[in-house]
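Read the single chain below, which is given as structure tokens and is the form predicted on its own.
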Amino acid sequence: MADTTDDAMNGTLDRNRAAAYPLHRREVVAALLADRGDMLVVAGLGAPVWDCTAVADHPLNFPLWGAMGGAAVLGLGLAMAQPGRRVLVITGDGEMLMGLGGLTTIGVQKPENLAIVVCDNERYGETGMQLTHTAGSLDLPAVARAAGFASAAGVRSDNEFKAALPAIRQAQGPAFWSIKIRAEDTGIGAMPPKDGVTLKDRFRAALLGTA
């Protein structure tokens, strides 16, 4: 869904728009992870990690404590290695902007079981809420479509989000959604383990067993 404000059309950044978006990040992520079953979830570094952990510190979550820009391609690797499992990447606009090149590889590989959701508050939340390019004319779903995704869409309202939920969980991928969320400080709250080896071993055991 392309921006239509004058500021966006002119390529400038709108500093106030995201403060009025109706959707809140924690509520969005809780809905995404409700009744998740055996879905594999990659959380991009920063706020998506806290958001996913606020729902549950699930062993089939893989939270990124670093590797900015790596969430989508990590999801690609999981989707290709586990074609029978649904893989959901939940990340932010700043993290996604760091890894846009990965979308082209995903578009070429075309994993049908991969969905990417960007919780887009138009801010770099971990470094001081500086504006990202999505506060201007950048249309992330258009980038995903150009990269070869099977579907890509923007979400701005509660009704649009409710309508998108079934597709996020089930639509043939690769699929991409940019969900505009309010620019607000939700705090860190719950955190998963910080040790990368612990997270890797826990995820692997939950996915493959201990053999």
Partner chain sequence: MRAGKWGAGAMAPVQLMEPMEAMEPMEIDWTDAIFAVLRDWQVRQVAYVPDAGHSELIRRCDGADDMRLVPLTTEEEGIALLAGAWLGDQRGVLLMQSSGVGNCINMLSLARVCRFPLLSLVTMRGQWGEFNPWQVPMGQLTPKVLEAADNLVFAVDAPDQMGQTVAAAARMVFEGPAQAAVLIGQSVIGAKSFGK
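Numbering follows the first chain given and starts at 1. On a predicted model such as this, the values are computed, not experimentally measured, just so you know.
The same protein also has a form predicted together with its partner chain, omitted here; what follows describes it.
Checked against its partner chain in the predicted complex, the candidates 173, 154, 46, 70 yield a single residue with a heavy atom inside 4.5 Å, and that residue is 70. For a residue to qualify, one of its non-hydrogen atoms must sit within 4.5 Å of its partner chain in the predicted complex; none of 84, 143 and 165 qualifies. In the predicted complex, its partner chain sits within 4.5 Å of a heavy atom of residue 200.
Of the heavy atoms in residue 62, some are within 4.5 Å of its partner chain in the predicted complex.
At a distance threshold of 4.5 angstroms between non-hydrogen atoms, residue 88 is out of contact with its partner chain in the predicted complex. Contact between residue 80 and its partner chain in the predicted complex is found at the 4.5 Å heavy atom cutoff. Counting a residue when any of its non-hydrogen atoms is within 4.5 Å of its partner chain in the predicted complex, the hits in 83-113 run 101, 102, 104, 105, 108, 109.
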